[in-house]
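Structure 1 and structure 2 below are the same protein chain in two forms, each given by itself as structure tokens.
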Structure 1
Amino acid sequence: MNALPAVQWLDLFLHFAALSLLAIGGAITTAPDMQRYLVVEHGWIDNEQFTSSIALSQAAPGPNILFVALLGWNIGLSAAGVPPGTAATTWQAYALALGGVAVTMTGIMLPSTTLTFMAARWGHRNRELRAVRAFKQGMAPIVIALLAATGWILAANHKGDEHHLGLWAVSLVTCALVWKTRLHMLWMLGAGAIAGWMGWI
């Protein structure tokens, strides 16, 4: 893949900045749109890189938003001509990867944090206002359903995989364990990794 021209970096930044304001319920809810934009429309990264970015950010500590940093990292590596799934070997590749992180993270963070900063100040001052309470209460069921739908879309990503029934079962069991028990998430991620490594799923 050729290096991305500056205008495409700008396009990337603006697209993520627009998604930032739509990322209600967390940036992960815009993951389907990012997949469409990055993989299907532009082909800057492949599907494997997209899903492994999400998986790796889930495995690492910290907010889930960091999958966006990993997407930027992979876009930067692609722009430097590093083939998918291989390590960067030059300083230029690392510089472009870090540039990708800066572009995607600033894009996804800046509009939403600015808006949150102002809206939260206003909302906290007016928290007894009927319109403020109506917004909170009206959006609550939608935000909850969005999380469930995102889980569904990620689980359905394995369609066509020979093990897809096993993967569905893992997603369902995880969901039930988190819902009903206090088991630490790290154990479940570790179990999923081992089950995958051993070829059970």
Structure 2
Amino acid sequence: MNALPAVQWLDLFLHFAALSLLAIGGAITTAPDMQRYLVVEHGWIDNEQFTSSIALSQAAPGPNILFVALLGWNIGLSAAGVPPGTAATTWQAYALALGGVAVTMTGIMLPSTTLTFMAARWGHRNRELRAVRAFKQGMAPIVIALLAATGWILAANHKGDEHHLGLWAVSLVTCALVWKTRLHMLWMLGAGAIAGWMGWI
């Protein structure tokens, strides 16, 4: 895994700022590109850290965008040379981890918040225009496709070997339950945690 050089913090901020403007439907829809940028292109974190950051943020109370903070935390630890899966032990590691949180969260929040505020005010004033209505209707399938791509990135980390067939089965059953039922996600998260704790998956 490559440590993050100090000169590339700005690149990280600019990339997340660019993704912020493409986060239609929420920051989670940009997760596939984050995975490509952070894991595949630069190797600052590995696939397990990426998927764990998203899974932990989804299980925790609070906004979904918390996964960006966890990604920033892991990037900072990587920059400090802390091996994946281990905790920081020095103040430098904590400082870099907090710096990663600040860079990624500022990058993902600031542009989209500003644009949303301005666009919402303009759209409300012109909500009867045909172009505004068409834009809102056209965004729905795009958001669904982006969410599906995010789900695929997370599930693909299971690989295709026989050892991970149980994880693929859990992923498919969970998708079906979310799609066809009103079962609360906490029940599914609890069932997954128990299955993992028992060593079934």
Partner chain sequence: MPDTPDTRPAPQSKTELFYAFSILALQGFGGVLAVVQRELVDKRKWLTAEEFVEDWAVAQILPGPNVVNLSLMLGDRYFGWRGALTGVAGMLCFPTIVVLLLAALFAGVADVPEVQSALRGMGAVAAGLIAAAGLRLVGALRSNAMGILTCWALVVATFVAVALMRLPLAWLLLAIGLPACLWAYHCLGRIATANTSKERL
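If you superpose the two forms and keep the largest set of C-alpha atoms that fall within 1.5 Å, you have the rigid core. Numbers follow structure 1, counted from its first residue as 1. These numbers were taken from a predicted model, which means no experiment stands behind them.
The chain as displayed in structure 2 is taken from the form predicted alone.
Superposition on the rigid core between structures 1 and 2 places the CA atom of A17 less than 2 Å from its counterpart. Core-superposed comparison between structures 1 and 2: the C-alpha position of L189 differs by less than 2 Å. In the core-superposed comparison between structures 1 and 2, the C-alpha atom of T174 has shifted by at least 2 angstroms. Relative to the superposed core, A145 moves its CA by 3.8 Å between structures 1 and 2.
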